[in-house]
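Before any questions on how it binds or moves, here is one chain, the form predicted on its own, in structure tokens.
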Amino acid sequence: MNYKTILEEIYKSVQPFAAKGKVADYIPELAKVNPDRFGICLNAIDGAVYSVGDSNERFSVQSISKVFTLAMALSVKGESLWARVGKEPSGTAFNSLVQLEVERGIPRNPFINAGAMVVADILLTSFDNPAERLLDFVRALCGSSDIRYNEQVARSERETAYLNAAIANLLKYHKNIECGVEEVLRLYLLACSLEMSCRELAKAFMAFANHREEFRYAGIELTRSQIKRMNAVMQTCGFYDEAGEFSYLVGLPGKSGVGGGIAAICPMRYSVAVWSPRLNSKGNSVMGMKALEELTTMTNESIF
């Protein structure tokens, strides 16, 4: 498969979508990002790397980090994790309070905000310094020792995190977080502020694409079965209430973030990351969605 040529064709084909959507301006720091950036990087299972555009520029991965925090929580809690957070698509916005109230504090899945806060609580009670452990884990996954949090982004999010604070308080009311609300919010928002490039994200997600390799990174271990189950949750829940559309158009497990990034995998074939900051009404990258739709169409490679 000539992935280099395919990525170059994709770069051209998505240009008509370049002005569609808008950046996540409800987070002040993200509103400052150049909306015209676009990068894509693909890691093939044989180790070859192909990229086009701004694939080396780091950006705020936001909810893509929820894949990493879920892996950490699953490694320490195993199947008991699912007693506190579900694994079903939400069908509502990623920051919905209504669904959480109706379902008595059990979030639908670990990729909506409420679910990720429960996961953050699990990390706080399982690791002495979960923020450092998360950094170590991500650095090991992508092979980059200088991955950092953007504290300015985390502060910017906390200053306007009224709805997230309400979610955390509702979880506390229903006794589904053990730690303090501020402590949970701090770790949750810090994880969202992780900055990575498409190249680093694609490398990090290769660990979830290659089921034959041992998953052991910075002390975090998962079985092959657990990796496959994580992929299943990414497939059904990785794109907020647009997960069905992504499955229909793209057909890959993956995770999006309101920083404009999307990371996805084609099991035993490749991992891919794309970044374009302009979002659709669901919070997913317009050009990123289109680029990955083109990728699976042109390669005839998806899980279906």
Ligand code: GLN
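Every value quoted in this text rests on a predicted model; they were computed, and no experiment measured them. Residues carry their position along the shown sequence, with the first being 1.
The protein also exists as the form predicted together with this ligand; that form is not presented, and the subsequent description refers to it.
Contact with this ligand in the predicted complex, defined as any heavy atom within 4.5 Å, is confined among 200-208, 184-192, 77-85, 136-144 to 184-192.
Although the partner is absent here, residue 270 sits far enough away that none of its heavy atoms falls within 4.5 Å of this ligand in the predicted complex.
Although the partner is absent from this view, residue 63 contacts this ligand in the predicted complex, with a non-hydrogen atom inside 4.5 angstroms. Among heavy atoms of residue 121, none comes within 4.5 Å of this ligand in the predicted complex. Within this chain, residue 59 is remote from the site of this ligand in the predicted complex, having no heavy atom within 4.5 Å.
Proximity of 27, 240 and 257 to this ligand in the predicted complex is complete: all three residues have a non-hydrogen atom within 4.5 angstroms.
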